[in-house]
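Before any questions on how it binds or moves, here is one chain, the form predicted alone, in structure tokens.
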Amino acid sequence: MGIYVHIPFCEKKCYYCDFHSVVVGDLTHFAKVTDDYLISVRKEALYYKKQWGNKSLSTLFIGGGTPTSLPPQKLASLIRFILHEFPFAENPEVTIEANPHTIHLNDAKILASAGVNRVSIGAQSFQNNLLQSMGRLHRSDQIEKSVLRFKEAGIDNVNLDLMFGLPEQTINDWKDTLMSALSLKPTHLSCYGLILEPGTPFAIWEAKGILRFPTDDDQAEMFEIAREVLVKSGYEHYEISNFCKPRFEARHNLLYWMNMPFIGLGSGATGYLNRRRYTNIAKISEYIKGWMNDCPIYERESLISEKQEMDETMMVGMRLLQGVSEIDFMERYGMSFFEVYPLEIEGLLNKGLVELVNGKLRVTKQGLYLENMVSGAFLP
């Protein structure tokens, strides 16, 4: 079980991004807002501490936005506070997201001293023209520098986020990005196909014919290239979009894929606690106002029935290449997933999209390319 903290500040909004974030403006005003924001996050943490009790926590993930757009001392202080206030197990995984151009060696050392032992770097591509077309502020040489700085600071567990399906991206561009990433010897790689989210500049420009994107077949080829190259290089393909060196799975993200409880802190953050799923209000001023009055303000919240939780457990669990264990499902819910989803599973088996291996229902190679169809089968 773990805690997610959302830091919603960015220097610039990327053209593909629909995550909750705001662009940093006047620095004096920014300092005041971030101070108020971090105080609010602390108050929210104490609010959920009472509900959480003594159950052991194993992960802390600081995401965004761009957490490293904040001064490292302020981030370090927040991390120490959360690790001190909650009952974390020994050697928890403490991850922070970072953009390559936002980190200096001293910053990395400050974060490491606070307990950060894993970093997820938004590399995305190693072609400068593609980075520029995405609205990214870093350049390819800064990716290597940031990895080396974190490693010099003692943070060896490094993930690189990579994207394929970018406008004008070629197969050779993608191969070059993979090889450049491998040369930095990360412990983990996340390879995401671009999704044109409604309202983003990329989606608008594509609709107007301003940008051309790789075809679905090209994206499928890029995905298969990633699988071949990374597995051959010693990485385990353990989740649809994620690859790791042995024993370096993203422990925090496994909580999501196993549909386990977690606390979400910060504006726009989602949490799942005591069968209640909540999403905090996204507007930062309203989030701060709420906690100045010691009161959460939710964008939405709902109680999740056992059947809904079953549906979600199957849906997210099928993203894991190991699949969903029938024994684990029975221990959690008192019945087999064959009893709950007989027709759905039969249909997926007949289509060759899933298979039952050693008591686990998992996607086949064909199912990897139709994952939405597999996961969607378990939703009403």
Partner chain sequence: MTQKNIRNFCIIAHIDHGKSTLADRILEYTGTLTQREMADQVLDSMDLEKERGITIKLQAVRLTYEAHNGEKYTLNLIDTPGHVDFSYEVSRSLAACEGALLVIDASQGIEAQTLANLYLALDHDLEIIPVINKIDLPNADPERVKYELEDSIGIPAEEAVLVSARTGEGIGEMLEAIVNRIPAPKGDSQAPTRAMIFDSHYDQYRGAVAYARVIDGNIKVGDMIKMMSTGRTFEVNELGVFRPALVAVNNLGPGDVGCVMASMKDVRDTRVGDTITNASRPTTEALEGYRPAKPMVYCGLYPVINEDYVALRDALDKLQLNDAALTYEAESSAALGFGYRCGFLGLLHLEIIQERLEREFDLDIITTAPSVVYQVVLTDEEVIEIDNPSDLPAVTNIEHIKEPYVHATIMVPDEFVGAVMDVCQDRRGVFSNMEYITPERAKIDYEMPLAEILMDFFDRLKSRTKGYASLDYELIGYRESKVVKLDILLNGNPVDALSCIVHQDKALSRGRSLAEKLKEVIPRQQFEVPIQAAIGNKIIARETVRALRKDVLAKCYGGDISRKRKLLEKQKEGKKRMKSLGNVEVPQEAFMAILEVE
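Bear in mind the structure is a predicted one, so any value in this text is a computation, not a measurement. Residue numbers count along the first chain shown, from 1.
Quick note: we don't show the form predicted in complex with its partner chain, though the next part is all about it.
Site annotation in the predicted complex: the residue of D141, E90, D294, D217 reaching within 4.5 Å of its partner chain with a heavy atom is D217. This chain is drawn without its partner chain; in the predicted complex, the residue among N157, S133, Q127, N259 with a heavy atom within 4.5 Å of it is N259.
Though the partner is left out of this view, L178 does not reach within 4.5 Å of its partner chain in the predicted complex, counting heavy atoms only. At least one heavy atom of K351 is located within 4.5 Å of its partner chain in the predicted complex. Remark: F213 does not count among the residues lining its partner chain in the predicted complex, judged by a heavy atom distance of 4.5 Å or less. Using a 4.5 Å cutoff between non-hydrogen atoms, V316 counts as a contact of its partner chain in the predicted complex. You can rule out all but one of 143-151, 67-75, 233-241, 107-115: in the predicted complex, only 233-241 has residues with a heavy atom within 4.5 Å of its partner chain. When contacts are defined as a non-hydrogen atom within 4.5 Å, all of E197, N253 and G376 contact its partner chain in the predicted complex. Scanning 360-380 for heavy atoms within 4.5 Å of its partner chain in the predicted complex gives Q366, L368, Y369, L370, E371, N372, M373, S375, G376, A377, L379, P380 in sequence order.
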